[in-house]
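Just the one chain here, laid out as structure tokens, in the form predicted alone.
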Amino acid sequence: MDISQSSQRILSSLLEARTGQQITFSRRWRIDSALTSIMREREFDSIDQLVARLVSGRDPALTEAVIEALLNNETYFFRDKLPFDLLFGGPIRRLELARSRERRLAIWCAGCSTGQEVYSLAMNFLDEKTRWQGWKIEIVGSDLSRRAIERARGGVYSQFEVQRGLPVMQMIRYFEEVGGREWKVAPALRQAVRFEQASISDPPPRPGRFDIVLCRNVLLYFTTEMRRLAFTRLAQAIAPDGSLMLGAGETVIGQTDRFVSDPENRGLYIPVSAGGAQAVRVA
């Protein structure tokens, strides 16, 4: 579908102003596919016609729909798998010892999209129910997209979505087939997590201080200013001996002085104390 450069600029500016996300040149192909359903529903003949309606300012519902459509909500269960093995093999094992008295862990998935990452974490804990008996495990997912959070709370996924990364045993154990074409998370799994609609620039969700923070493949699309603010929020949210996990293509190097690479767990990051020294690790 043809789209003028001016319309591309307007859509990019709108998304950046409202969310901090950028539509880089390499991602402009997404505009056509993202807006197809809106074009069909609203019977617009072209994206330029849609943009003209946006610019008029007379249709706030259309503006919200366009922003929702342009947000990148790519996710799937146990995405890349290796990060989950790394997390449970290192930081969570260490924190299990460090929190043995209070027997409490809090995990925040920032930019959780439609919830698959959050449910994946919960399944790992539920798979070892005996090990974590008596613990309070709080897993919170947040995302800017209202539509994504509604889907996450509903916990209903298509056959394609559950087959994408979800092992068969977990699918059978934690999901119920509905209508022959969709799968819904079982009550035990749904009760193990919480979702909130929020931007990463907002104050962290309760309890406000987390042992593990995941912010995977979110910062890639942010402006430099928004990325800096995001790291500030993440630093405010993480415990002094906590761990931060970013996406494979993301790093703190050259981005912030609030985190440093974890020497014990490559690919993870640990907070830096106010005085500039590395946070104390618990053996």
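Start at 1 with the first residue shown and count on from there. These figures come from a predicted structure and were not determined experimentally.
There is also a form predicted in complex with a small molecule; it is not shown, and the following applies to it.
Using a 4.5 Å heavy atom cutoff, none of 120, 140 and 212 lies near the small molecule in the model of the complex.
Judged by heavy atoms within 4.5 Å of the small molecule in the model of the complex, the contact stretch among the candidates 120-128, 195-203, 150-158, 171-179 is 195-203. Contact annotation for residue 163: none of its heavy atoms lies within 4.5 Å of the small molecule in the model of the complex.
Residue contact check for residue 231: none of its heavy atoms lie within 4.5 Å of the small molecule in the model of the complex. Contact annotation for residue 71: at least one heavy atom lies within 4.5 Å of the small molecule in the model of the complex. Proximity of residue 226 to the small molecule in the model of the complex falls within the 4.5 Å heavy atom cutoff. A heavy atom within 4.5 Å of the small molecule in the model of the complex is found for exactly one of 50, 31, 66, 218: 218.
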